[in-house]
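In structure tokens, the next block holds one chain alone, the form predicted on its own.
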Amino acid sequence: MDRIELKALGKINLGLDVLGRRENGYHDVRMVMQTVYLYDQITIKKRKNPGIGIETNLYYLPTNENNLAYRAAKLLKDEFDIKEGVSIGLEKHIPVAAGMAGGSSNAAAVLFGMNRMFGLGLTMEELMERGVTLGADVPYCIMRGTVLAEGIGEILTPLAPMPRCFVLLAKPPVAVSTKLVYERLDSREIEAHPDIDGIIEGLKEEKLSKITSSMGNVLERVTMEEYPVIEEIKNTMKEGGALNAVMSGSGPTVFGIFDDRNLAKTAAQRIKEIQLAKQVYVVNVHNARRK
């Protein structure tokens, strides 16, 4: 196999709770993660030149060791002494720095693809063990589907799949520092925690209304204080028929869960019309896991 093409899917956090901060700066979290069908197209090719080359459709993305996909390729090349070089094409569609794990998903796809391309024989668990050294979201992006993530995000428990619904994604044109969001969270008392157990129960019972009423994100209040547009998008989605709307990750992307595609599309159009966000998508959830 000299070439492989993969879809690197984005994620949303149906629930994100922070339980505390570790001495090393990482945070203990309890999250329900969900893959959505918005993806980057990843192409990996062997090449005679022994190095790692990255090409992308976004001029501002790094193409060196500052790119997680590059670091994922280097990790496996170094460990398994792979002499051949690789060229990696990243056709980006997931919004960048958006709380949707685009970079982590790219790294996960490269680990998965190179394992197959070079016949390394690593199991999914072994890929995830290597993935966590690149970032806390990478193991989840290897697994995919509906998952409870604990620890720093690397302890993963598969959950019942998300029922059929439509997800409206809107990323406002602001840049959020994850580090700054967590620092501000650490400086205050968390007043309200999302109902993670309620989400899990709703998934088991296949009750979309129970899932959406339990959704929440402890980082949301911190990020909204800095960027009020996030709350405006949330309110616009709810006014447009969303069962609930929540910020994903540390933001700034907001997602709304709808049980009617037409309502989701109308709300998407409204968000564009009043210029709250240009990057707006209506997508399905994706429950299939990697094999």
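Please read these numbers as outputs of a predicted model, since none were measured by experiment. Numbering starts at 1 and follows the sequence shown.
Missing here is the form predicted in complex with a small molecule; even so, the following discussion is about that form.
- Distance criterion of 4.5 Å from any heavy atom to the small molecule in the model of the complex singles out L68 from the list L68, M31, V246, I52.
- Checking T123, T178, S209, T133 against the small molecule in the model of the complex, a heavy atom within 4.5 Å turns up for just one residue: T178.
- Stretch 94-102 is the answer when you ask which of 160-168, 79-87, 94-102, 111-119 has residues with heavy atoms within 4.5 Å of the small molecule in the model of the complex.
- Contact with the small molecule in the model of the complex holds for none of G198, N217 and K234, as no heavy atom of theirs lies within 4.5 Å.
- For T223, no non-hydrogen atom is located within 4.5 Å of the small molecule in the model of the complex, even though that partner is not displayed.
- In the model of the complex, none of the heavy atoms of P228 sits within 4.5 Å of a heavy atom of the small molecule.
- In the model of the complex, the small molecule lies farther than 4.5 Å from every heavy atom of T35.
- At least one heavy atom of L61 is located within 4.5 Å of the small molecule in the model of the complex.
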